[in-house]
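Coming up is one lone chain in structure tokens, specifically the form predicted on its own.
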Amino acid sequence: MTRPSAVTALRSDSARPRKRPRRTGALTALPWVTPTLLLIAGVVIYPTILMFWTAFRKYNSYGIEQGSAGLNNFIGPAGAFTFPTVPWASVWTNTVVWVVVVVLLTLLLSLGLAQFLNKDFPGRKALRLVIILPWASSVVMTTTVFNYGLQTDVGLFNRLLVDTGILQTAYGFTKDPTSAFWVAVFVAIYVSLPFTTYTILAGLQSVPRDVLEAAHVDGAGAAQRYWQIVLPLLRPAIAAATLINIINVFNSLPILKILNETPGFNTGHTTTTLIFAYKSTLGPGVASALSIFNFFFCLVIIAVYLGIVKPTKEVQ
């Protein structure tokens, strides 16, 4: 048995790729990630720090800072959580219902719609284009159309409901906080459907056909194939769509603000709309105090969802 020569060993060592130090790799990537880091610092980190700072400062009616406020912006006589006339029971209920109902119904409807659009039928491309229109349009514009359509005297939707016999007389949907809230729920689902549907549709198209065919050969029915193969493989797509919807819906202001025409601290508020009502009446300090609560409340909802769904868990 012959031993390799020193020259052969030297050549084999030189042929091996040398590992680049991690520090060198990070410095090489720094110019490419710097714009992203600056954007995150300017759009996310700085506003968050400013929000926490503002929540503990006192401001006059002109918005001029007047020193430290301690916890008065939170629990003072005119604090975010102690200000009189605010219907907190309705605010908490509306906030939870707003997020859960909109996200859940959007997800269920998108699952069925994506499953339908994944089939081959005449006019499928045209239907896909029609479905994407609410997502391509401005949320403010879409909500304004619904707002005008539901007006008592000149609203086309109100006229349609009366002419078809569903309503005896025209009803001011946006004049009452309760009905305005549920109209906002409908509009939020309407504008959220396209994004969620397309995200799930992309996940459906990545499901391996050979796996479905093998399951069919083994005797699995359509329902079994969907629940045991398709749905588990859709978990990452569903998780991504749900998380983005939670964040968007929780922080959605235009829909609720445009459709709820009742002034003051009414029963149609959520914590998000209440922040902007506080800003105009009590100042930026109180609004920032409630914003901090909103920030952590949203994180809790996302954490609970991730803990239940576990989107990174491998499919068995």
Partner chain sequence: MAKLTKALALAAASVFVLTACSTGTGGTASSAAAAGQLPATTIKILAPSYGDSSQADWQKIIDEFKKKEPNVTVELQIEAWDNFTDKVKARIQAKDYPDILNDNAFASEATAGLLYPINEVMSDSTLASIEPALLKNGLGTDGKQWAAPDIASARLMATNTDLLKKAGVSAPPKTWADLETAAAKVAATGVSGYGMPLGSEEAQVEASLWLWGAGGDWPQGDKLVANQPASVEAFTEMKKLIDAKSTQPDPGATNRQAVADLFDNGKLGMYVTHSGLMSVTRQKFPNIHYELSQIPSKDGTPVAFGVTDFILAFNNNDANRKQATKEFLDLFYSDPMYEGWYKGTGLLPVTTSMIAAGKASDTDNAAFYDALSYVKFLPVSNPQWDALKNALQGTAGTIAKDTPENVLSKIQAQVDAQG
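Numbering follows the first chain given and starts at 1. In this text, all values refer to a predicted model and were calculated from it rather than measured experimentally. So that the term is clear: the rigid core is the largest set of C-alpha atoms that superpose within 1.5 Å between two forms.
Beyond the structure shown, there is the form predicted in complex with its partner chain, which is absent from this document and is the topic of what follows.
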| Site test, 60, 64 and 265 vs its partner chain in the predicted complex, non-hydrogen atom cutoff 4.5 Å | yes
| query | According to a 4.5 angstroms non-hydrogen atom cut-off, is residue 254 in contact with its partner chain in the predicted complex? | reply | no
| query | Might residue 280 be said to contact its partner chain in the predicted complex, defining contact as any heavy atom within 4.5 Å? | reply | yes
| query | Taking heavy atoms and a 4.5 Å cut-off, does residue 85 contact its partner chain in the predicted complex? | reply | yes
| request: Report whether the minimum heavy atom distance between residue 175 and its partner chain in the predicted complex is within 4.5 Å. | output: yes
| query | in the predicted complex, which of the listed residues (208, 221, 122, 77) lies with a heavy atom within 4.5 Å of its partner chain? | reply | 77
| task | Choose one stretch from 208-216, 175-183, 105-113, 131-139: the one whose residues place a heavy atom within 4.5 angstroms of its partner chain in the predicted complex. | result | 175-183
| note | In sequence order, the residues of 219-234 that place a heavy atom within 4.5 Å of its partner chain in the predicted complex are none
| said: Once the core is aligned, does residue 60 move its Cα by at least 2 Å between the shown form and the other one? | reply: yes
